[in-house]
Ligand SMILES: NC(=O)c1ccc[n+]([C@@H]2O[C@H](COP(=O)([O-])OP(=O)(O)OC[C@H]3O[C@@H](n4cnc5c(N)ncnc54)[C@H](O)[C@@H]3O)[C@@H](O)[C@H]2O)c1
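In structure tokens, one chain follows: the form predicted alone.
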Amino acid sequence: MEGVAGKVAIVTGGSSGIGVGVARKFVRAGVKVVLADIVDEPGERLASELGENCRYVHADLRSNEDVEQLVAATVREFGGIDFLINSACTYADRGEAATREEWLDAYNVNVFGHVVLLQLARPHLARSENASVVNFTTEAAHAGLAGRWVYPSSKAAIEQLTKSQALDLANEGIRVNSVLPGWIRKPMHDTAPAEVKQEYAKWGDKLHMLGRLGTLDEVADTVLFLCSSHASFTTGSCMVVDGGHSAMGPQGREKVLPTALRKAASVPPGTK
């Protein structure tokens, strides 16, 4: 991808899941990466693995002080900020039983913390020749989910926020987009019990037109594209990387032919 080598990215949620895939992909592309997370050991291990172009910073998105220190550490280590990859997320959700405190905690991680990060990084992004912010959403933002109120609504908020941020920051040359992944095979699948792997495989087959889970590389490639000069005219958009999940109807890949059903219903019982 053109326009990414030598740039500097902050990847929140960089100790696990999609953040790991993004960090690896970006470092291979020549990007200098700062991983931000609250789970220190795997984040530090990944930074060590990726070498001199990667650092780990403990940063809790619920703390303004931590976010300030994250931005300062990135600029101190690598001289600026070109990309924000906002992949940190909490899935904690007790639906109708969630308390006000639980709602606030989830939104502090999924939404508010990333808003503060962008506010603080904005002066540095505005000095970049190719500034890009990538948020993460989900198909859950577009459908009712039994027992889940908090997580889907936070992702719906992110989709709206992406559009407003893109509009307000366009005159500073800062592009803001979101990525909507499907069910993705993450590092935890490597050590998960066999029955868990089978369950994920089942849902990957059922939910995706392509009949499988997505990979970290497939999501990271999309994020890298959005940060590259190839996407210089792309902002305020949502890039869907879900194996066809959001385009598939409730009948999935099953053939349901209403005409044949009506014809069968019209045949008297006991006749052919």
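Residue positions are given as counts along the sequence shown, with the first one as 1. The model shown is predicted, which means the values in this text are computed figures rather than measured ones.
Keep in mind the form predicted in complex with the ligand is missing from the figure; the text below concerns it.
With the ligand left out of view, choose which of Q165, S87, S178, T74 has a non-hydrogen atom within 4.5 angstroms of it in the predicted complex. Only one listed residue qualifies here, and that residue is S87.
Partner contact for W103 in the predicted complex: the ligand, 4.5 angstroms, heavy atom: Output for W103 is no: heavy atoms all beyond 4.5 Å of the ligand.
So in the predicted complex, does any heavy atom of V109 sit within 4.5 Å of the ligand? Result yes; V109 sits at the interface with the ligand in the predicted complex.
Would I38 sit within 4.5 Å of the ligand in the predicted complex, counting heavy atoms only? I38: yes, in contact with the ligand in the predicted complex.
Determine whether any heavy atom of I18 comes within 4.5 Å of a heavy atom of the ligand in the predicted complex, and answer yes or no. Contact with the ligand, yes.
Non-hydrogen atom within 4.5 angstroms of the ligand in the predicted complex for each of W203, E218 and G243: Judged in the predicted complex, none of W203, E218 and G243 sits within 4.5 Å of the ligand.
Could you tell me which of 76-84, 148-156, 120-128, 169-177 sits within 4.5 Å of the ligand in the predicted complex, going by non-hydrogen atoms? So the stretch in question is 148-156.
What residues, if any, in 134-160 have a non-hydrogen atom within 4.5 angstroms of the ligand in the predicted complex? F136, T137, T138, Y151, K155 sit within 4.5 Å of the partner.
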